[in-house]
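Take a look at this single chain, the form predicted alone, given in structure tokens.
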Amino acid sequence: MPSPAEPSDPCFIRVRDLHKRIGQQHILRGVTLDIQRGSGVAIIGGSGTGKSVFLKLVMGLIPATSGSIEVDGTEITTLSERQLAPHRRKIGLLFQDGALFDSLDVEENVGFPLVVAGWKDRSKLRDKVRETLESVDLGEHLHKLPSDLSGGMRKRAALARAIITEPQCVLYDEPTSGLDPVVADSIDHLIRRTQRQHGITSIVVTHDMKSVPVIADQVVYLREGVVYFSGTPDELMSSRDPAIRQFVEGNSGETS
């Protein structure tokens, strides 16, 4: 196994010729990509192009068919389930629906990863939870159940749970899905603020092109299982490539 990279290594994730097959589907067909430490990355592309699959591969939740995924200097595709545990602790994951526990209040949901990690001091745990909730503007909603929260508040609680263990990277799967435009914009700005304040590498799968300029330093467009484009939001928006223009503008090419 390669030795861990020095913290000064600017590249946090290196992906080389990554392939993923599920049954007869060849979803990723040779993805090669560098993601810089502490950056905000938006992954865009049509439905079924492998965006969420890519997140699961980076997290180590599913195995790659072939290729290399190096995270913080360690090749993860060859690790056993036990060896993956330290890797997964470096990465927080925010699911599309938040995935909060219905029977636990906000404080208990957010503190759950610390309980699993073995925190015994209830006072320190409570302080850490409340500090994290304050950082996502939920400090006054400690004892509400998920059913009592709005969609935006559930996303904030889920983000607090994802960052409470102080991961180096957070993966977001469609974080603004189902939210109205105003709430979605507030979540986009919260993602960016969290990334900058904590020095976190954030990787956001999104269909919302309005989110991209807010959350991203780098935009990755997956098309037909490969990286079709990688660059800044400005470079994406100014591209004259017909495939990129069609996606960015949401134009199906059909006429009525």
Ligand SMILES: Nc1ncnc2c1ncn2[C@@H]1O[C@H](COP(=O)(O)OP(=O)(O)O)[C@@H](O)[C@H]1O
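From a predicted model like this one, the values you see are computed outputs, not experimental measurements. Each residue number is its position in the shown sequence, starting from 1.
As for the form predicted in complex with the named molecule, it is not shown, yet the points below apply to it.
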For residue 197, is any heavy atom within 4.5 Å of the named molecule in the model of the complex, or not? no
Residue-level question: is residue 243 within 4.5 Å of the named molecule in the model of the complex, judged on heavy atoms? no
Counting only non-hydrogen atoms and a 4.5 angstroms cut-off, does residue 238 reach the named molecule in the model of the complex? no
Report whether the minimum heavy atom distance between residue 50 and the named molecule in the model of the complex is within 4.5 Å. yes
So if I measure heavy atom distances to the named molecule in the model of the complex, which of the stretches 188-196, 224-232, 64-72, 24-32 falls within 4.5 Å? 24-32
Residues of 210-232 having any heavy atom within 4.5 Å of the named molecule in the model of the complex, listed in sequence order: none
